[in-house]
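Consider the single chain below, provided in structure tokens and representing the form predicted alone.
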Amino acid sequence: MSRYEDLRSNLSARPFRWVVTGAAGFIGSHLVENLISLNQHVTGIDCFLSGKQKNLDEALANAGNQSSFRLIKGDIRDMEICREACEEADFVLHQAALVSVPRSFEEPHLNNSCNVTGFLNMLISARDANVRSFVFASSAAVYGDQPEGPIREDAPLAPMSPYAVAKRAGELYSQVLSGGIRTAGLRYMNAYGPRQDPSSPYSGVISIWTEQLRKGQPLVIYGDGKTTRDFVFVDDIVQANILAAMADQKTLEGGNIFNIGTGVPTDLDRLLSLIVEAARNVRPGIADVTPRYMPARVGDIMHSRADITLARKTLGYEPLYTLAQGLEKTIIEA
């Protein structure tokens, strides 16, 4: 039995109190769904700036036990909301953020208030409530452009956007303002899965292409198609959050920042082929697709691939889904 399977079994027999920020978002709603299905008590926070009620409705319907979920409709930029949520909590999973590189350039003050001030409010509230651990979403964006190949957590950092700068600021704040509670930052690679909003200006390319393919719309590749990404299915991100939350202090002494991906690079041309193949398994008759190539966007990174050795060794993290498996599950549920 893997460490994750063992944890899930133990959690089912012992309820804790969890806080999930961004609970109506893509990743947040999957965390809510999994925790509720494990008989946990969950308080969600969302101001619905980008989160959607339908995400929560679907998550709770799938989990089958809405009575152990409480939603606070509020903004993490409001300190009192954060303190209310963290009162008597055991674990905090902080996912709320303004997740848009383009928008972080257009509205840097909004990016800072959501992704730095909001982060600080949650961290300080969790610290003052003496929660067991505070796990937060960071991003591979902190690395900036790197040579092609796997990136370790100790690689030089070169953020290329205000969004990436804010994510790095959160990592640093977690190290100097934790007050002794356990903290862990998860540098997500390119997340994808059901409930990812294709209408968002910074949605993952998988959700956008899947929607465009369904509607028969032209598909656009920014760059030459050789850009590589490490695509990680949302259930593996849920796994990483639960493993990190339950890790003890000694486990985290070797470092509290972890890459969360698969370690497998896929270029965009290959990704498009895999999406078309997965879609045909669900809806036969889909024609071949010739994408339209457009110039790369400001802030886009050429290569991003995680070295997940540290997460494997320290947390017991092991990706459960290949890209083909995750795509099939994503498209079936779309």
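Numbers for residues come from their place in the sequence shown, where the first is 1. These figures come from a predicted structure and were not determined experimentally.
What comes next is about the form predicted in complex with a small molecule, which is not displayed.
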{"property": "Three-residue site Asp46, Ile76 and Met189 fully in contact with the small molecule in the predicted bound form at 4.5 Å by heavy atom", "result": "yes"}
{"property": "Among 147-155, 191-199, 170-178, 215-223, the region lying within 4.5 Å of the small molecule in the predicted bound form by heavy atom distance", "result": "191-199"}
{"property": "In the predicted bound form, the residue from Ala164, Ala245, Val131, Ala137 that sits within 4.5 Å of the small molecule by heavy atoms", "result": "Ala137"}
{"property": "Among the candidates Leu38, Ile308, Leu271, Ile27, the residue which, in the predicted bound form, approaches the small molecule to within 4.5 Å (heavy atoms)", "result": "Ile27"}
{"property": "Contact of Pro319 with the small molecule in the predicted bound form (heavy atom, 4.5 Å)", "result": "no"}
{"property": "Proximity of Gly22 to the small molecule in the predicted bound form, heavy atoms at 4.5 Å", "result": "yes"}
{"property": "The small molecule contact in the predicted bound form: Gln95, any heavy atom under 4.5 Å", "result": "yes"}
{"property": "Ala126: touches the small molecule in the predicted bound form, heavy atom cutoff 4.5 angstroms", "result": "no"}
